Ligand SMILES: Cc1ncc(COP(=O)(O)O)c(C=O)c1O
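The data below hold one chain only, encoded as C-alpha coordinates and taken in the form predicted alone.
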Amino acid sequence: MIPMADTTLAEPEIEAALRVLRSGQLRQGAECDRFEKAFADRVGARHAVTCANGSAALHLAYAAVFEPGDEILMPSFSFFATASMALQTGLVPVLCDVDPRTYLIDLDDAARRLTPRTRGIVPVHLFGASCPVDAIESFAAQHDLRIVWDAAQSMGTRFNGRDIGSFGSCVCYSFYPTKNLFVGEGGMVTSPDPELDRKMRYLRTHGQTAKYVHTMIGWNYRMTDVEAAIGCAQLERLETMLAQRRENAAQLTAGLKGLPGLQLPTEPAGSESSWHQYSVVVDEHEMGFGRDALAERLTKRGVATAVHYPRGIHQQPVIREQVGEVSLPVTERLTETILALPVHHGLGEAEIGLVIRAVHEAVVGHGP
(Lines give C-alpha, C1' and ligand atoms only; values in the text may rest on other atoms or scores of the structure.)
Protein backbone atom coordinates (compact mmCIF):
# COMPACT_ATOMS: atom_id res chain seq x y z
CA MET A 1 0.00 0.00 0.00
CA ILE A 2 1.35 3.42 -0.95
CA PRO A 3 0.79 5.45 2.26
CA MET A 4 -0.46 9.00 2.72
CA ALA A 5 2.56 10.08 4.81
CA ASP A 6 6.16 9.21 5.66
CA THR A 7 6.86 9.85 9.35
CA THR A 8 10.29 8.17 9.44
CA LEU A 9 13.00 10.14 11.22
CA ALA A 10 16.43 10.31 9.58
CA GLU A 11 19.51 9.14 11.46
CA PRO A 12 20.71 12.68 12.38
CA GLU A 13 17.29 13.38 13.90
CA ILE A 14 17.36 10.16 15.92
CA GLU A 15 20.89 10.94 17.11
CA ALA A 16 19.84 14.46 18.12
CA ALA A 17 16.97 13.06 20.19
CA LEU A 18 19.24 10.47 21.82
CA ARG A 19 21.82 13.14 22.68
CA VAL A 20 19.19 15.12 24.59
CA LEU A 21 17.79 12.00 26.27
CA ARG A 22 21.28 11.06 27.46
CA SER A 23 21.81 14.57 28.83
CA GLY A 24 18.79 14.38 31.12
CA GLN A 25 17.85 17.96 30.18
CA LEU A 26 14.47 17.11 28.71
CA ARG A 27 12.21 20.11 29.26
CA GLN A 28 12.24 23.39 27.37
CA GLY A 29 15.78 24.72 27.43
CA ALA A 30 18.81 25.34 25.23
CA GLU A 31 17.56 23.13 22.38
CA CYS A 32 14.28 25.04 22.19
CA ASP A 33 16.24 28.31 22.12
CA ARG A 34 18.37 26.94 19.28
CA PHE A 35 15.32 25.72 17.35
CA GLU A 36 13.58 29.08 17.70
CA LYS A 37 16.57 30.92 16.27
CA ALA A 38 17.14 28.44 13.44
CA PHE A 39 13.44 28.46 12.53
CA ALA A 40 13.18 32.26 12.56
CA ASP A 41 16.25 32.47 10.34
CA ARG A 42 14.79 29.86 7.97
CA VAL A 43 11.48 31.67 7.40
CA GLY A 44 12.76 35.23 7.67
CA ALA A 45 10.94 36.12 10.89
CA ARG A 46 12.20 38.39 13.64
CA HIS A 47 10.94 36.17 16.49
CA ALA A 48 9.82 32.55 16.90
CA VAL A 49 8.27 30.86 19.96
CA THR A 50 8.22 27.08 20.38
CA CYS A 51 5.16 25.47 21.92
CA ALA A 52 3.51 22.11 22.53
CA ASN A 53 1.60 21.70 19.24
CA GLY A 54 -0.17 23.55 16.46
CA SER A 55 -3.33 24.08 18.49
CA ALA A 56 -1.25 25.65 21.27
CA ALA A 57 0.37 27.91 18.67
CA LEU A 58 -3.05 29.21 17.63
CA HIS A 59 -4.16 29.61 21.25
CA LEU A 60 -1.06 31.63 22.14
CA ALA A 61 -1.43 33.88 19.08
CA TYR A 62 -5.14 34.45 19.64
CA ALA A 63 -4.59 35.33 23.30
CA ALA A 64 -1.73 37.69 22.46
CA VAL A 65 -3.43 39.50 19.56
CA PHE A 66 -7.16 39.64 20.36
CA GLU A 67 -9.51 40.40 23.26
CA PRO A 68 -12.39 38.21 24.52
CA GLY A 69 -15.57 38.95 22.60
CA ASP A 70 -13.80 39.91 19.38
CA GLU A 71 -15.33 38.50 16.20
CA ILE A 72 -12.74 36.80 13.99
CA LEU A 73 -13.27 35.88 10.33
CA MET A 74 -11.94 32.45 9.31
CA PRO A 75 -12.63 29.77 6.69
CA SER A 76 -14.88 26.88 7.62
CA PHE A 77 -12.91 24.54 5.36
CA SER A 78 -10.05 23.94 7.79
CA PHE A 79 -9.07 21.76 10.73
CA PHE A 80 -11.26 22.14 13.82
CA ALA A 81 -8.53 23.82 15.90
CA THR A 82 -8.66 26.99 13.80
CA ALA A 83 -12.04 27.73 15.40
CA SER A 84 -11.89 25.76 18.64
CA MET A 85 -8.84 27.66 19.88
CA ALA A 86 -10.66 30.90 19.15
CA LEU A 87 -13.55 29.74 21.34
CA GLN A 88 -11.08 28.68 24.03
CA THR A 89 -9.80 32.27 24.04
CA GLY A 90 -13.27 33.78 24.36
CA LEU A 91 -13.39 34.91 20.73
CA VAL A 92 -16.31 34.55 18.33
CA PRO A 93 -15.36 32.62 15.16
CA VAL A 94 -17.21 33.94 12.12
CA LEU A 95 -17.04 31.12 9.60
CA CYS A 96 -16.67 31.99 5.92
CA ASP A 97 -16.87 30.10 2.66
CA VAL A 98 -13.89 29.34 0.43
CA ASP A 99 -12.90 29.58 -3.22
CA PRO A 100 -13.99 26.41 -5.08
CA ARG A 101 -10.68 26.15 -7.00
CA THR A 102 -8.09 27.02 -4.33
CA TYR A 103 -10.07 26.00 -1.19
CA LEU A 104 -8.81 29.22 0.48
CA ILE A 105 -10.90 31.86 2.25
CA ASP A 106 -13.28 33.79 -0.02
CA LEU A 107 -12.76 37.47 0.81
CA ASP A 108 -16.04 38.47 -0.86
CA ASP A 109 -17.91 36.13 1.47
CA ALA A 110 -15.83 37.37 4.42
CA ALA A 111 -16.75 40.98 3.57
CA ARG A 112 -20.45 40.11 3.78
CA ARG A 113 -19.93 38.84 7.34
CA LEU A 114 -18.25 41.96 8.74
CA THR A 115 -19.94 43.61 11.73
CA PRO A 116 -18.93 46.46 14.07
CA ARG A 117 -17.49 43.78 16.37
CA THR A 118 -15.16 42.23 13.77
CA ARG A 119 -11.57 42.64 14.93
CA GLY A 120 -9.52 40.10 13.01
CA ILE A 121 -9.10 37.55 10.25
CA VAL A 122 -7.44 34.13 10.34
CA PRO A 123 -6.50 33.06 6.80
CA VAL A 124 -5.49 29.41 6.50
CA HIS A 125 -2.65 28.48 4.12
CA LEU A 126 -4.39 25.19 3.33
CA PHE A 127 -2.75 21.98 2.04
CA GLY A 128 0.55 23.84 1.57
CA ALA A 129 -0.82 26.56 -0.74
CA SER A 130 -0.39 30.21 0.14
CA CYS A 131 -3.35 32.52 0.57
CA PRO A 132 -3.21 35.73 -1.52
CA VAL A 133 -1.23 37.58 1.12
CA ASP A 134 -1.36 40.98 -0.56
CA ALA A 135 -5.14 40.86 -1.01
CA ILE A 136 -5.68 39.77 2.58
CA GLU A 137 -3.37 42.44 3.97
CA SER A 138 -5.23 45.05 1.91
CA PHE A 139 -8.61 43.71 3.14
CA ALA A 140 -7.39 43.79 6.75
CA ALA A 141 -6.08 47.34 6.43
CA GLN A 142 -9.32 48.52 4.81
CA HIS A 143 -11.42 47.15 7.68
CA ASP A 144 -8.94 47.76 10.52
CA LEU A 145 -8.46 44.05 11.24
CA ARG A 146 -5.52 42.23 12.78
CA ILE A 147 -4.26 39.05 11.12
CA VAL A 148 -3.23 35.71 12.59
CA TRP A 149 -2.04 33.33 9.85
CA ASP A 150 -2.74 29.61 10.26
CA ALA A 151 0.20 27.94 8.51
CA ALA A 152 -0.10 24.58 10.27
CA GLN A 153 0.03 22.77 6.91
CA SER A 154 2.38 25.05 5.03
CA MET A 155 5.94 24.89 6.32
CA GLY A 156 8.16 26.00 3.43
CA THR A 157 5.44 27.72 1.40
CA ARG A 158 6.32 30.99 -0.34
CA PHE A 159 4.23 33.87 -1.66
CA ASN A 160 5.75 36.03 -4.41
CA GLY A 161 9.13 34.53 -3.55
CA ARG A 162 8.89 35.31 0.17
CA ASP A 163 8.43 32.73 2.93
CA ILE A 164 4.96 32.98 4.48
CA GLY A 165 6.52 32.93 7.96
CA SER A 166 7.82 36.44 7.43
CA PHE A 167 4.35 38.02 6.96
CA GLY A 168 1.79 39.31 9.42
CA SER A 169 1.58 39.76 13.16
CA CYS A 170 1.66 36.03 14.00
CA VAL A 171 2.14 32.93 11.84
CA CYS A 172 1.26 29.60 13.48
CA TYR A 173 2.82 26.22 12.61
CA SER A 174 2.29 22.58 13.54
CA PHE A 175 4.96 19.87 13.64
CA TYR A 176 2.57 16.91 13.90
CA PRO A 177 4.01 13.68 12.37
CA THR A 178 2.26 14.10 9.00
CA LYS A 179 3.39 17.72 8.50
CA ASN A 180 6.15 18.91 6.19
CA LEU A 181 8.44 19.38 9.19
CA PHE A 182 7.63 16.93 11.98
CA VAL A 183 8.98 16.30 15.47
CA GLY A 184 6.19 14.17 17.01
CA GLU A 185 4.15 16.92 18.60
CA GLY A 186 5.15 20.57 18.51
CA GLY A 187 4.31 24.02 17.26
CA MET A 188 5.78 27.45 16.58
CA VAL A 189 4.55 31.03 16.32
CA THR A 190 6.58 33.61 14.41
CA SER A 191 6.12 37.33 14.81
CA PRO A 192 7.82 40.61 13.87
CA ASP A 193 6.62 42.25 17.12
CA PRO A 194 8.80 41.97 20.25
CA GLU A 195 5.83 42.72 22.53
CA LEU A 196 3.73 39.92 21.05
CA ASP A 197 6.72 37.60 21.28
CA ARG A 198 7.24 38.46 24.95
CA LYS A 199 3.56 38.00 25.80
CA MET A 200 3.40 34.59 24.11
CA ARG A 201 6.47 33.46 26.04
CA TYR A 202 4.75 34.37 29.30
CA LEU A 203 1.47 32.75 28.26
CA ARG A 204 3.36 29.57 27.28
CA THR A 205 4.48 29.10 30.91
CA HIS A 206 1.39 29.80 33.04
CA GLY A 207 1.67 33.58 32.61
CA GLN A 208 4.85 33.56 34.67
CA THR A 209 6.91 36.74 34.25
CA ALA A 210 9.41 35.83 36.98
CA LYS A 211 9.88 32.66 39.00
CA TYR A 212 6.61 32.01 40.88
CA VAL A 213 5.28 35.41 39.79
CA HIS A 214 2.19 35.05 37.57
CA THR A 215 0.84 38.28 36.10
CA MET A 216 -1.62 36.72 33.65
CA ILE A 217 -3.45 33.43 33.15
CA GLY A 218 -1.48 31.18 30.83
CA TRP A 219 -0.94 27.51 30.12
CA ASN A 220 1.74 24.84 30.14
CA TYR A 221 2.45 24.90 26.42
CA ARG A 222 6.19 24.27 26.48
CA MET A 223 7.94 22.15 23.87
CA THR A 224 10.50 19.59 25.09
CA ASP A 225 14.17 19.81 24.18
CA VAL A 226 13.90 16.34 22.63
CA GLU A 227 11.39 17.62 20.06
CA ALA A 228 13.37 20.80 19.48
CA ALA A 229 16.54 18.82 18.81
CA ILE A 230 14.68 16.76 16.20
CA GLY A 231 13.37 19.98 14.68
CA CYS A 232 16.85 21.53 14.43
CA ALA A 233 18.18 18.42 12.73
CA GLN A 234 15.22 18.12 10.38
CA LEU A 235 15.61 21.70 9.18
CA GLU A 236 18.83 20.47 7.58
CA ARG A 237 16.91 18.24 5.14
CA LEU A 238 13.76 20.34 4.80
CA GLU A 239 14.65 21.71 1.35
CA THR A 240 15.23 18.20 0.04
CA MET A 241 11.86 17.03 1.38
CA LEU A 242 10.06 20.07 -0.06
CA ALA A 243 11.71 19.62 -3.45
CA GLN A 244 10.51 16.00 -3.54
CA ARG A 245 6.95 17.05 -2.66
CA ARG A 246 6.98 19.66 -5.43
CA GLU A 247 8.35 17.18 -7.94
CA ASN A 248 5.72 14.61 -6.94
CA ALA A 249 2.92 17.18 -7.27
CA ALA A 250 4.13 18.20 -10.72
CA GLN A 251 4.24 14.56 -11.80
CA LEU A 252 0.72 13.95 -10.49
CA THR A 253 -0.63 17.02 -12.29
CA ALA A 254 0.99 16.01 -15.58
CA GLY A 255 -0.17 12.41 -15.26
CA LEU A 256 -3.77 13.07 -14.19
CA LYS A 257 -4.56 16.05 -16.40
CA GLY A 258 -7.63 15.56 -18.55
CA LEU A 259 -9.22 12.68 -16.65
CA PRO A 260 -13.02 13.04 -16.78
CA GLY A 261 -14.63 14.25 -13.57
CA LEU A 262 -11.35 15.00 -11.78
CA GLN A 263 -10.59 18.61 -10.78
CA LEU A 264 -6.90 18.89 -9.99
CA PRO A 265 -5.58 21.28 -7.33
CA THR A 266 -4.97 24.85 -8.49
CA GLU A 267 -1.81 26.71 -7.52
CA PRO A 268 -3.02 30.20 -6.50
CA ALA A 269 -1.38 33.21 -8.14
CA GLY A 270 1.87 34.06 -6.35
CA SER A 271 1.92 30.84 -4.35
CA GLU A 272 4.76 28.35 -4.38
CA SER A 273 3.10 25.49 -2.56
CA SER A 274 4.86 23.12 -0.19
CA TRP A 275 2.25 20.45 -1.08
CA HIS A 276 1.27 19.17 2.32
CA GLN A 277 -1.67 17.53 0.53
CA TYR A 278 -2.55 16.91 -3.11
CA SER A 279 -6.34 17.13 -3.07
CA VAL A 280 -8.56 16.50 -6.09
CA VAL A 281 -12.30 17.11 -6.40
CA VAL A 282 -14.55 14.43 -7.89
CA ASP A 283 -17.47 15.40 -10.15
CA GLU A 284 -19.80 12.43 -9.67
CA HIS A 285 -21.96 13.34 -12.67
CA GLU A 286 -19.02 13.48 -15.08
CA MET A 287 -17.05 10.58 -13.61
CA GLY A 288 -20.04 8.30 -13.18
CA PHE A 289 -19.36 7.59 -9.50
CA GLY A 290 -18.49 9.61 -6.44
CA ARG A 291 -15.53 10.42 -4.20
CA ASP A 292 -16.01 7.52 -1.81
CA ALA A 293 -16.25 5.02 -4.66
CA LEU A 294 -13.01 6.37 -6.15
CA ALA A 295 -11.29 6.03 -2.77
CA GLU A 296 -12.48 2.43 -2.49
CA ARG A 297 -11.21 1.61 -6.00
CA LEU A 298 -7.80 3.12 -5.19
CA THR A 299 -7.55 1.19 -1.93
CA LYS A 300 -8.11 -2.03 -3.86
CA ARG A 301 -5.23 -0.99 -6.13
CA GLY A 302 -2.86 -0.40 -3.22
CA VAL A 303 -3.09 3.40 -2.96
CA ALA A 304 -4.11 5.03 0.32
CA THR A 305 -6.28 8.15 0.23
CA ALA A 306 -7.73 10.55 2.81
CA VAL A 307 -10.55 13.07 3.10
CA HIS A 308 -9.63 16.52 4.39
CA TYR A 309 -12.30 17.41 5.48
CA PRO A 310 -15.54 15.38 5.66
CA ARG A 311 -17.20 18.26 7.57
CA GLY A 312 -16.76 21.99 7.50
CA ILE A 313 -16.10 23.54 10.88
CA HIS A 314 -19.58 25.09 10.75
CA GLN A 315 -21.03 21.57 10.45
CA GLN A 316 -19.41 20.34 13.69
CA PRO A 317 -22.08 19.81 16.37
CA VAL A 318 -20.29 21.80 19.08
CA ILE A 319 -19.73 24.74 16.71
CA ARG A 320 -23.42 24.76 15.76
CA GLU A 321 -24.21 24.98 19.48
CA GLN A 322 -21.82 27.91 19.89
CA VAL A 323 -22.43 30.02 16.76
CA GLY A 324 -25.65 28.68 15.25
CA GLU A 325 -26.50 27.47 11.77
CA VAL A 326 -24.49 28.80 8.83
CA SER A 327 -24.92 28.00 5.12
CA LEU A 328 -21.60 27.73 3.24
CA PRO A 329 -22.36 25.95 -0.04
CA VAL A 330 -18.82 25.71 -1.44
CA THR A 331 -17.46 24.25 1.77
CA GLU A 332 -20.36 21.81 2.00
CA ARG A 333 -19.77 20.66 -1.59
CA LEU A 334 -16.05 20.19 -0.98
CA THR A 335 -16.68 18.01 2.07
CA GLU A 336 -18.58 15.59 -0.19
CA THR A 337 -16.20 15.60 -3.16
CA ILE A 338 -12.58 16.22 -2.08
CA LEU A 339 -9.99 13.44 -1.90
CA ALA A 340 -6.28 13.59 -1.05
CA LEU A 341 -3.76 11.45 -2.94
CA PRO A 342 -0.24 10.55 -1.73
CA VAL A 343 2.33 13.28 -2.52
CA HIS A 344 4.78 13.14 0.41
CA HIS A 345 8.57 13.27 0.34
CA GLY A 346 8.93 9.53 0.92
CA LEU A 347 7.66 8.76 -2.59
CA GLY A 348 9.79 8.74 -5.71
CA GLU A 349 9.04 8.70 -9.42
CA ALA A 350 8.16 4.99 -9.45
CA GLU A 351 5.65 5.24 -6.60
CA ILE A 352 4.01 8.35 -8.03
CA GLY A 353 3.77 6.52 -11.35
CA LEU A 354 1.88 3.73 -9.58
CA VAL A 355 -0.52 6.28 -8.07
CA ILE A 356 -1.17 7.79 -11.51
CA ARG A 357 -1.74 4.38 -13.08
CA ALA A 358 -4.11 3.38 -10.29
CA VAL A 359 -6.18 6.56 -10.71
CA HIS A 360 -6.43 6.03 -14.47
CA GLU A 361 -7.51 2.43 -13.97
CA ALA A 362 -10.05 3.46 -11.35
CA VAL A 363 -11.51 6.27 -13.45
CA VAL A 364 -11.43 5.02 -17.04
CA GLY A 365 -10.46 1.36 -16.72
CA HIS A 366 -6.93 1.50 -18.14
CA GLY A 367 -3.54 3.08 -17.51
CA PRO A 368 -2.21 6.28 -19.11
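Since the structure is predicted, the reported quantities are computational estimates derived from the model, not experimental observations. Residue indices: 1-based, along the sequence shown.
Keep in mind that the form predicted together with this ligand is missing from the display, and what follows is about it.
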Report task. Using heavy atoms and a 4.5 Å cut-off, decide whether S55, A152 and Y176 all contact this ligand in the model of the complex. Result -> yes
Report task. State yes or no: in the model of the complex, is some non-hydrogen atom of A81 no more than 4.5 angstroms from a non-hydrogen atom of this ligand? Result -> yes
Query raised in the report: Hey, in the model of the complex, does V124 get a heavy atom within 4.5 angstroms of this ligand?
Result: yes
Query raised in the report: Would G168 sit within 4.5 Å of this ligand in the model of the complex, counting heavy atoms only?
Result: no
Requested in this report: Considering only heavy atoms, tell me if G156 and this ligand come within 4.5 Å of each other in the model of the complex.
Outcome: no
Requested in this report: Considering this ligand in the model of the complex, find the one stretch among 111-119, 282-290, 128-136, 178-186 with heavy atoms no farther than 4.5 Å from it.
Outcome: 178-186
Query raised in the report: Is any part of 275-301 within 4.5 angstroms of this ligand in the model of the complex by a non-hydrogen atom, and which residues would that be?
Result: none
